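Single chain ahead, written as structure tokens, the form predicted on its own.
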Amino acid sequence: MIFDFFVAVMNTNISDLQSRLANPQDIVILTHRNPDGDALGSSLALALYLRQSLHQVSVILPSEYPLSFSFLPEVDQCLVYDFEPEECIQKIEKSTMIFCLDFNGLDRIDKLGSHVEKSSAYKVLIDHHMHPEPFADYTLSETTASSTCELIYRFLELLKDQRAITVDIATCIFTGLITDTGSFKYATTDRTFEVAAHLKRFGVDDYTLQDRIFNTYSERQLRLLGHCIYNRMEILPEYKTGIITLTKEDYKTYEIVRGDTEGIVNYLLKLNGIKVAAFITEQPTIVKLSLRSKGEFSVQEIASKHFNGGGHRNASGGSAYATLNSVVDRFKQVLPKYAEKYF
């Protein structure tokens, strides 16, 4: 079954893309910096699918991926721009087709964006974030989709080739479903569960998959979580908001590496009465915000208007070149207006 809502969001007919894919292509798949489960799952699933048709496929990540996803099929074959910039640029320059997954603008892939913009390769954008930039020749964008992985499955349906799905491809797609919905707790639709059911029929072991993703904490990570909740948590009951902050010193003390802080923001929403969560971290040159909310409260609006970011209504991120304290203060200053609007 092909879902009808795709018709409104594609900027060209898929037959043109199908005809191009009928012949071997030199393909690059790109996803955003600091790749999460959806970014990795969608990229690897598409790569595994395209390689079946003898395309030359390279998956390029702007930065390294969290070790918790090291079990994913062929993830160790991904190129990381931060480590191999020249090879990554060469791959883009020689490519005949570029797939851009799980990001809506070229600034989300940092320095790689200018190389993609200059490339004459046929460009495909598949994404579920708001306001996609019109840089692609073919765009599949739907903000109500739970994840880009969900769109990858539907993309294969549009190609009428979902029978090509293997258990490895299904596992990669299911990874994005799990991680971007918080194990099916938010951002789901009836279509999300239909896709999940189909993937189960392809042999996905969802119990083992969830165990590998969520139950691989090290002792250091668990102590970091305790530190965040006990020492770095602030509750603003009048705004139904919780805030956790991390300083540069915290990063040194707990030897925090990429992926260690994944999911910490969600613990704030476990508190009774809390509707908005903010995880604000002091990086070497920038302060980053990870925002979550329940119900109609739009953290996307806060991120886009005040912190140069964006995302989804209930899950967004932003950043600012400022001090940690000033960013926290700015966040607190904008809260009253939104609390009045939504509460």
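Note that the coordinates shown come from a computational prediction; the quantities given were computed from them, not determined experimentally. The first residue of the shown sequence is 1; numbering continues from there.
FYI, the form predicted together with a small molecule isn't displayed, but the following is about it.
Taking the partner from the other structure, the small molecule in the predicted complex has a heavy atom within 4.5 Å of a heavy atom of residue 316.
Residue contact with the small molecule in the predicted complex: residue 288 places a heavy atom within 4.5 Å of it. In the predicted complex, the small molecule stays beyond 4.5 Å of every heavy atom belonging to residue 66. Taking the partner from the other structure, the small molecule in the predicted complex has a heavy atom within 4.5 Å of a heavy atom of residue 308. Taken together, the three residues 240, 275 and 332 lack any non-hydrogen atom within 4.5 angstroms of the small molecule in the predicted complex. In plain terms, the part of the chain that comes close to the small molecule in the predicted complex, with a heavy atom within 4.5 Å, is 290 to 298 out of 42 to 50, 290 to 298, 56 to 64, 22 to 30. Out of the listed residues 212, 191, 232, 108, 108 is the one that sits within 4.5 Å of the small molecule in the predicted complex by at least one heavy atom. With the partner omitted here, the residue from 115, 198, 129, 91 that has a non-hydrogen atom within 4.5 angstroms of the small molecule in the predicted complex is 129.
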